[in-house]
Ligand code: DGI
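Let's start with one chain on its own, the form predicted on its own, as structure tokens.
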């Protein structure tokens, strides 16, 4: 996987940011761009900012249905001043990129790069790509770099903030999802009453006709922000696994983005929804109803959102506990949920799929068996009671039964 990193305050995210990410993918052949919002930028400490969670939420709302773009909140989780050298080392450790990372810099920051903390070390870790933000022509820089042949987009976050504060037109300088959050939360001094500009009602957001986009918007609305970011990481990795093993990557993304759709429900509602699948509720599930969120989520998807695909429903139903009757999509989702790239404490080698490419469902079964048995070993180490379906699946793996 060829990765590029685009960092910044994203205060707020605007169309220029997403244009640069798209231009990097099309111009340099990257598979994915990681958008990394800073907790506190060393260059913009005087800029007025909403909370890091507000900036994360705007970013998450701005890229529905596009698995080429990932959000990584490592700098926000670290807190303090965000230094690129630390972020790149962290990304190498968790994402296992193919070859060197690329770091995208706008030409407004590029001249100051030699003064960045440990800039020489950054150069040893990543290829620098200079994107046009302010300059019409390319320029010379005193360090190795490549220059992106993009059009300069005359939008900056400072400009958007100023337009909002002045009550001027700004809404179509930012993605629709970010606009909605700015309006709903009254960010950047936006008045919280009265009609919106251009006759667009405050909070109006049309996510598009596609089922994936609609369900991603629903997951973002329903889940906590951290749970949604996890779900999106799972969606992207499940889609990747489906491509590797010859499955439908769109079904993988959809299953991943909705796999925790029942996570926010209370115990009574979890039990009520789980009973609709007419499977017994085990003693372990009665003792810990949160284990039912997969079964409850599958019931919600079927009854409330009209999703009838059995493979998707089963993948969501069994993603936590496993089952003795898991199909290929359910196995792919289970793997992604356990090892997605924002999870801490995962052995890096588990995320290296190169030995499994081109092996079809047989390779998927080998990878699933490895992840499943390691997960069970961890649960036993923590002295957790195991669900009956987990034990049945473990027995199948130990007997070498592929399905």
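These numbers were taken from a predicted model, which means no experiment stands behind them. Numbering follows the first chain given and starts at 1.
Missing here is the form predicted together with the ligand; even so, the following discussion is about that form.
- Remark: none of the three candidate residues (14, 62 and 179) comes within 4.5 Å of the ligand in the predicted bound form, counting heavy atoms only.
- Only one of 113 to 121, 259 to 267, 306 to 314, 324 to 332 places residue heavy atoms within 4.5 angstroms of the ligand in the predicted bound form, namely 259 to 267.
- Among residues of the shown chain, residue 390 is one whose heavy atoms approach the ligand to within 4.5 Å in the predicted bound form.
- The ligand in the predicted bound form comes within 4.5 Å of no heavy atom belonging to residue 40.
- Taking non-hydrogen atoms only, residue 320 approaches the ligand to within 4.5 angstroms in the predicted bound form.
- Not displayed here, the ligand is kept clear of residue 370 by more than 4.5 Å at the level of heavy atoms in the predicted bound form.
- A single residue from the set 250, 185, 93, 288 has any heavy atom within 4.5 angstroms of the ligand in the predicted bound form; that residue is 288.
- Contact annotation for 375 to 391: residues with any non-hydrogen atom within 4.5 angstroms of the ligand in the predicted bound form are 378, 379, 384, 385, 386, 387, 390, listed in sequence order.
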